[in-house]
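So here's one chain in two forms, each on its own in structure tokens, numbered structure 1 and structure 2.
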Structure 1
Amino acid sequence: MPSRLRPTPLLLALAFLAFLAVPAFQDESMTSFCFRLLELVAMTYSLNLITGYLGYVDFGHIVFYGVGAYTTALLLSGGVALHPALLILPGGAAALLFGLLAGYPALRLRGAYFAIATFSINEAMKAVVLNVDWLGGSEGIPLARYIRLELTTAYYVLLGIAAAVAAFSYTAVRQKFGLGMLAIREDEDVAEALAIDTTRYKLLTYALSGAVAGLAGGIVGLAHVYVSTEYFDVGKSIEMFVIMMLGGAGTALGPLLGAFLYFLIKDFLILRSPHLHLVIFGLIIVFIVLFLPAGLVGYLRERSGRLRALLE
């Protein structure tokens, strides 16, 4: 099927065009709702690169979100003379550098050992932030006196980040770099035997996924005019895993579909069962693991040969 006829990029484009039109309704509550949804979309796509495409389970992925948010906040509070929205770029660069430094030793591990290592890295960074005074400690860094960034501006920046990583997710697996990631996911030892530089592929993927999360953390911190150790909350990493599993790990549509469904279900459960929503959500997760291990996209692909060719 010619690439121009593939529906996946068309569906992605339509979805992000719909997001683009949201601020035009001038409904702040709707814009805020979609802003939180886009945050999940961007973060899940970034995790999908390392876990869905590379096959490395990263329980500490949220550390990049925190590094980006704190870097941006420190630059802003330090009086750096740049437009606030541009300050997320150093935040993304700091997250990328952190990914290179932390990933070099961590990516020598595999399986559960890597998952535990990434969780430990995140907890270590959280402890550092809590105990270093100039990082705000337990009080965090309030930014209200330094910034007046409109929600609409932050929304469009986050939309750009989410759309860019979604486009990269779709195109990368059709290029040499993406095929290398998939080869490592299927069998790393065979990939090495085929002369694929697995260390370089893993390190670049880990750092790039971290940079996306760092950019997202920076713009969310500016929008909320406050950063704290909550930006290292491992619960957010678990949330991203649920979304990725729901939509379909290692797919281009999965993170977008999973984030949309997860957000709607979560909002509905919180409104209807504020004291039981976590229990109900836990049961939903068990259902996904048992009956939809490949996620919704994977399930639809398995059910129909035509859908297998259409959904990516």
Structure 2
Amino acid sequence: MPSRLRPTPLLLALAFLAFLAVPAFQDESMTSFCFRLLELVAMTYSLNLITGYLGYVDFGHIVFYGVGAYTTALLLSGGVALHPALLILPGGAAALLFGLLAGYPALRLRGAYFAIATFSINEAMKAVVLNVDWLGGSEGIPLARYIRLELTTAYYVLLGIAAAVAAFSYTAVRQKFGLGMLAIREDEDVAEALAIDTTRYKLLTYALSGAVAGLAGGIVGLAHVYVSTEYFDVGKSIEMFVIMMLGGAGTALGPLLGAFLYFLIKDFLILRSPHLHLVIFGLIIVFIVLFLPAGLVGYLRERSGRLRALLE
């Protein structure tokens, strides 16, 4: 097969290379801004796996982020001295395990029932963390005593996580696993009739996307040297949904484009009227569901036949 220029992976690669250059060429405030951007990019790619590709609306996705952050923080405050890049691995593993345990019952539910169950699982975990003493309660766990992490180090780790999950999203739909996810999204009963082991596919997707969110939570917790129940806050869930919908749910470029678009719109709105941006984003989501179900990427694809072939 003649090798054709594939713009989607090229765009992804260019974007992440640009991110790679930021700490070397920009000042700290720019790096710190890009750190926040990357955090949302990684989290949205993770949400996109379960909601965009698999079609299961996960309103409680942020629970994995919290589980990862708390596991990492507890290990650190418990005296485990490892390089931070290694310390987040148990956080990711804990989120993976949590995904398997919670997903096993929850993924037997479909549609709205699953969405509501995830909502309430997150609320329950938040209540546990808030009320169990050795988890820090409402005061959280301060970490500054144990670690001093350069922002640049945390930045590169987070960049690695974001780039890995983006690459996975792009390659998965070319393989049996990703096609299975899409089949389940389109019609789960038909997928099952076609001998796709839907339970395994769903559980793996849920746990894997959870692991990514757990790793992200771990590194963000270390970078901010503080974890608290904020890590289970629905506010970040909302941002992830807005970004996914803006960019295009179930597309490989969507979360990246969506994150840029999100910050552009947010800054534009905040300059004019603070606090109003979420009102507008609510309207934007309604508009996208009704008229542009595949977000910006879907819009561009619809606009021209050439772009349709180029963007994924």
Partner chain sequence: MPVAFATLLQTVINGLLVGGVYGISALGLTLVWGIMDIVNIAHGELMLLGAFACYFLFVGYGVTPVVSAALVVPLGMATGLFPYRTVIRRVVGRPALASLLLTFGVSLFLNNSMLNLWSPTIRSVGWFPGSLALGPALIPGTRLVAFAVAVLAAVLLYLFLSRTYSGRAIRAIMQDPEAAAAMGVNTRAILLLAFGLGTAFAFLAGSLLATVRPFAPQFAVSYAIIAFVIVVAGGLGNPMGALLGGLLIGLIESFTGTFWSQAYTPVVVSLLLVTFLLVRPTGLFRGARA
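Here the rigid core means the biggest group of C-alpha atoms that line up within 1.5 Å when the two forms are laid on top of each other. Start at 1 and count along the sequence of structure 1; that gives the residue numbers used here. This is a predicted model, so every value here is computed, not measured.
Asker: Pick one: which is the form predicted on its own?
Answerer: Structure 1.
Asker: Between the rigid parts turning between the two structures, which of 109, 89, 198, 294 is at the hinge point?
Answerer: Answer to the hinge question: 294.
Asker: With the larger rigid part held fixed, what angle does the smaller part turn through between the two structures, rounded to the nearest degree?
Answerer: That works out to a rotation of 16 degrees.
Asker: After superposing on the rigid core, how much does the Cα of residue 290 shift between the two structures, in Å?
Answerer: That residue's C-alpha is offset by 4.1 Å.
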